[in-house]
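The chain below stands alone and is given as structure tokens, in the form predicted alone.
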Amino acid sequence: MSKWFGPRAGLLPHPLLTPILASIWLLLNNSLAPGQIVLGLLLGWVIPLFTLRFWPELVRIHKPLALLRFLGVVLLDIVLANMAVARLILGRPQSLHPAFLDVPLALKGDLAIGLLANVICLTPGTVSARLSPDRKFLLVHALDAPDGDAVIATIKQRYEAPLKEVFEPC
């Protein structure tokens, strides 16, 4: 990439983030008016420009299609988990088996670990509570975990493995 476009460049530091932020702006305003489009693009350009020094590392997406599949899985899991939590709460809450689980991490990058922790929090019924000081374990609270090992295996297979594929080279 040139010195004007791409990661850490002067004119457009995060080319993928700019259209995403502009799209979010348009969705929030529920309008495709020319003024909103211009304002969305302006915000999509200015926000990455001013937040550049806060990005901990250079974001490299190694497999974009795997990222799209991952986003689909997360959205589906959020919907299904909402229904499951509602059923658990409205059913017999006394039969719940809440547990704190130490999920061993294969991820190394700050961005990937942060995304994993956030995805866990977005999925109803689970909350990431703490990252171990050595960054090898993520403490997760599960609302209903009669089999803690199965919950850990699900987190590693459905969330951690795709994040590793997308953000960390083989």
Partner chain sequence: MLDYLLSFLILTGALFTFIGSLGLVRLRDFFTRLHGPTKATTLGVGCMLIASSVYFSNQGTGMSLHEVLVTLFLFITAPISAHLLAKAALHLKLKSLTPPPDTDKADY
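Here the structure is a predicted model, which is why all the values come from computation and not from measurement. Numbering follows the first chain given and starts at 1.
In what follows, reference is made to the form predicted together with its partner chain, a form of this protein that is not presented.
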key: Joint contact, Ile24, Val79 and Leu96 to its partner chain in the model of the complex, by non-hydrogen atom at 4.5 Å   = yes
ask   = Can any non-hydrogen atom of Cys121 be found within 4.5 angstroms of its partner chain in the model of the complex?
value = yes
query = Would Gln36 show up as a contact with its partner chain in the model of the complex if we use heavy atoms at 4.5 Å?
reply = no
ask   = For Gly91, is any heavy atom within 4.5 Å of its partner chain in the model of the complex, or not?
value = yes
request  = Flag Gly109 as yes or no: does it have a non-hydrogen atom within 4.5 angstroms of any non-hydrogen atom of its partner chain in the model of the complex?
outcome  = no
ask   = Of these, Ala129, Ile61, Leu68, Val46, which has a heavy atom no more than 4.5 Å from its partner chain in the model of the complex?
value = Ala129
request  = Can you tell me which bits of 136 to 167 touch its partner chain in the model of the complex, meaning any heavy atom within 4.5 Å?
outcome  = Leu139, His141, Ala142, Leu143
